Ligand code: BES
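Take a look at this one chain, the form predicted on its own, written out in structure tokens.
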């Protein structure tokens, strides 16, 4: 991790943030614009009305440019009141999943931000260690990051932090009748599991439940995917986010009762795989007709929600998942989708996104969408109307309401933001760790 200093010393590279036109051809100080002024000085344009996110993105862009010179140190000048956002952009952009590369990308070790006297770099570093931890897990090979691995990782975190850890393996899943998790995981090489990490206790109030989708690899099951299967290790990014948040909750000694829940499965093609058209029963007794085996994330989330509600009776539930391709159709890969039965929490999370630059947009939900998920032969089905062609992100969330027992639910669909298909700003291609900063900002403001 990079060391930050506020001292003014000679460094290998100087970065000057500016919105002024320079006497250099073509540089007008526009947002994201860059120019090497001389061999050691690079100009970074921030535009006329820069925001915190402007500085964050520009710092990331600059880091990706200067790292080609392999500097050991750099000074970022003219930070003003945005030193924290500059540091955040640097920390995000400094991450690289280069485990399998011959040449590593970690040359820059020290960054000077002279105007950062009020910035808590120790706190920032802890946060971004958690963000990059989630990225590391999601980027790793799916033959390594299996449900078995996630179970072992939760136990390791529990041992290191003191968080209470509960694991429901296949036997316990059968005893508790979590038929949806068992169904989705039936074709996997590794047995499914429900992982629960608990911070705090009833003395800290009614718990908040964070539930992350943990599909360690998604072939689509018998409704096999026809594109982008090579990236489907990213279908457990929600789980990685929850693990990171639970590590943070203990390290930062947050005074809230938090339950982190991860349903972990592999959705494989096998003779034992669950089948479209069949009906499976969740632990709350709801029956679900399987319209498509590639709509598996909502199934395991549904069972996880129902079990969490029954066991822990949370105040509210936050789910985070790479759930639908439909969210990309609606919002692209710049803003995540949010669907909520809890407007207060929705507004709080949207506000947290404005602070962190992890933007979310609220989509509507009402009884019409929920009724569209009713089954013909069962309580509900796992695809919405028009065979899932319409309002896919909304109906995916509407499905989850069948398992909440009216507990307030806020669902984040991060399919467009958890994974970058190309380098952008402070993100390299691959996992982004989206949601860790967003939900931490929200959690730390909860009283």
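Owing to the predicted nature of the structure, the values given are computational and were not obtained by experimental measurement. Residue numbers count along the first chain shown, from 1.
From this point on, the text means the form predicted together with the named molecule, which you will not see here.
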Given a 4.5 Å cut-off on heavy atoms, tell me which of 221-229, 201-209, 108-116, 143-151 is the interface stretch with the named molecule in the model of the complex. 221-229
Tell me, yes or no, whether residue 292 is in contact with the named molecule in the model of the complex, where a contact means a heavy atom of each within 4.5 Å. yes
Proximity of residue 317 to the named molecule in the model of the complex, heavy atoms at 4.5 Å: no
Using the partner position in the model of the complex, report whether residue 242 sits within 4.5 Å of the named molecule, counting heavy atoms only. no
Tell me, yes or no, whether residue 357 is in contact with the named molecule in the model of the complex, where a contact means a heavy atom of each within 4.5 Å. no
Do heavy atoms from each of 213, 325 and 415 fall within 4.5 Å of the named molecule in the model of the complex? yes
Out of 391, 46, 400, 383, which one falls within 4.5 Å of the named molecule in the model of the complex, going by heavy atoms? 383
